[in-house]
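To begin, one chain is listed below as structure tokens, in the form predicted alone.
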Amino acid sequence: MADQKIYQASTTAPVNIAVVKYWGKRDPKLNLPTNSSISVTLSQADLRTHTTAACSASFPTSDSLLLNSSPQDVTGARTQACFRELRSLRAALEASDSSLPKLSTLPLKIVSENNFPTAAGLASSAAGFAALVRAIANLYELTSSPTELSRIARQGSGSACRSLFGGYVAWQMGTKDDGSDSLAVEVAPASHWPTMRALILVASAKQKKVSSTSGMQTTVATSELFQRRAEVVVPKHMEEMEKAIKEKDFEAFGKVTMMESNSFHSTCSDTFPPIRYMNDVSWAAVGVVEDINRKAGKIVAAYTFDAGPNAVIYYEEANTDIVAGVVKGALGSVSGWESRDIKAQASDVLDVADVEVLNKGITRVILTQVGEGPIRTEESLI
């Protein structure tokens, strides 16, 4: 009788928020980017995907994926690429050691849960594919390094390759056609600069009108600014950002983060027809950050926006009062503040109109900080 045993492994994986943005693909099939990028991995205490990967001869014959209790299509090219690559690594192990169970031939059952809204511009696909790849790698007992696994996760979702590491992470675009050198590497661990904090202003949990995938393709095809961004702007920002992180220089980090966000959204505006991921609430958040920095006389807060309206505001722990405290003073009635002990600060520096727009448009805040890469857990979802 066939082995009916259920083999399983579970992991959690983090969200990462890019400070040098990935936008545009030189090969959409392999998710190869037109430029390199750098991100900060956020704490899994606040934002994470928890995934259990299991396989068994007793499962239905086809692979399955359940996300937040809802069945997902696994027949798409991206998910299939991840499954295929991981099975092939397991099959190579089995070929070299005949005593190993033939897990590579068994159907996979993946169960995944996010503790944050999916597709709300909070990098859910990055955490999702990183967790999926890491959980299956654990299930298959692969010895591959996070960098080796990042090449596989990248094929699921580009930015997922960065979620296989904690701390500060670079995705090197690579030049080879097969994508073998398009990988994520650690710039610095979370312990190198542990005082980095992030305040996320969630502007809308609705799914966006233009997905990142189709947005990128239109930008590459129609934006003239885009080429200059890929060839000139990003390489300069990559160099400046790596230096700022290594030197723990928040002013330099903040300046590049904001200029980089502006550059990315400018290419979206330059796309034809134009793409607008930022809205009035986003621009009000920009105004608030500028007011805080003006009052401080230097850059103590830095905004960045991905392909969505949510503002992510980076700041250092020492400046909690003058950044998060001031925002709490303006947005005290919004939920999420209770997760941290932050004292609301009265402030006369914020533009009243911006504060009004934020109070109408922000649904909640998430307070978090730099954190670790995927963490193996015994807590099964199956």
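Start at 1 and count along the sequence shown; that's the residue number. Everything numeric in this text was worked out from a predicted model, so none of it was measured.
Beyond the structure shown, there is the form predicted together with another copy of the chain, which is absent from this document and is the topic of what follows.
Using a 4.5 Å cutoff between non-hydrogen atoms, residue 177 does not count as a contact of another copy of the chain in the predicted bound form.
Though the partner is left out of this view, residue 274 does reach within 4.5 Å of another copy of the chain in the predicted bound form, counting heavy atoms only. Another copy of the chain in the predicted bound form is approached by residue 262, whose closest heavy atom lies within 4.5 angstroms of it. Remark: residue 351 counts among the residues lining another copy of the chain in the predicted bound form, judged by a heavy atom distance of 4.5 Å or less. Distance criterion of 4.5 Å from any heavy atom to another copy of the chain in the predicted bound form singles out 224 from the list 73, 224, 247, 97. Interface residue among 108, 300, 286, 183, judged by heavy atoms within 4.5 Å of another copy of the chain in the predicted bound form: 286. Heavy atoms within 4.5 Å of another copy of the chain in the predicted bound form map, among the stretches 226-234, 160-168, 77-85, 188-196, onto 226-234 alone.
With respect to another copy of the chain in the predicted bound form, the three residues 258, 267 and 290 uniformly fall within 4.5 angstroms at the level of their nearest heavy atom.
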